[in-house]
Ligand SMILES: C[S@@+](CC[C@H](N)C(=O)[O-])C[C@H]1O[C@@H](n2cnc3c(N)ncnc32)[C@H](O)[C@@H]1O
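Presented as structure tokens, the chain that follows is alone, the form predicted alone.
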């Protein structure tokens, strides 16, 4: 399978994610980060149909979520981004084979209330692992300050001097980022794109340099930039337009693009014609 693009740390395929995952070996990935289409009828400006029957959508989600779970090493991490309504349904699938760690709430700005519902103020980032996590790094964030006066927002009750000078421990509520990158910085105009901080934090929490990150829905390439920046190897897939991802990586890592990856990516794929039977055996365990 010929890649669309390679870098020093990664490889990108311009294919359907199910086709690529079907020939990947089991238990090879340290961290999965997935930001799938939400079936909301959004125009991705690439020919993708984001409005199909609900049953068809969740049957498709069952397939790729199970495949991503199969690819995880024991102790590997799976981060799945979605609206709360989707997240509770995704969680039902992930609960079958993985271990729940956190429902991370990410502040959502620029939305509006609909019907007889509360004002929607967050997206969900599900964090699961395959058993106990192999890696768990404590990520620290700067102390929040007022953008007007510059003073610290929170009162630490006289314990300010006892705080870690590296910053505060990251919690499961992220209020310092908007899920959507500002239109000024989007690599694909008109389409929502995750801010770099979101996949980067997931990668820093659950991996070490040299570990392998997988993203089946490349989108604007945030995950790949985060992995490349932090010296994680990566495999990415984008079914439709890969040019924005290529431009992003070319601009950010001009010396890394089109280099041969420093890991044996070909060894991650099966050459055995009985591979589908092996997949079935894995799910029957």
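Just so it is clear, the structure is predicted and the values come from calculations on it, not from any experiment. Positions refer to the first chain, counted from 1.
Another form, the form predicted together with the named molecule, is not on view; read the next lines as being about it.
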Does residue 222 reach the named molecule in the model of the complex if we count a contact as any heavy atom within 4.5 Å? yes
Answer yes if any heavy atom of residue 68 is within 4.5 Å of a heavy atom of the named molecule in the model of the complex; otherwise answer no. no
Quick one: is residue 238 in contact with the named molecule in the model of the complex, heavy atoms, 4.5 Å cut-off? yes
Is the gap between residue 217 and the named molecule in the model of the complex 4.5 Å or less for some heavy atom pair? yes
Within 4.5 Å of the named molecule in the model of the complex by heavy atoms, the stretch out of 227-235, 23-31, 250-258, 42-50 is 42-50
Contact set, 20-35 vs the named molecule in the model of the complex - heavy atom within 4.5 angstroms: 35
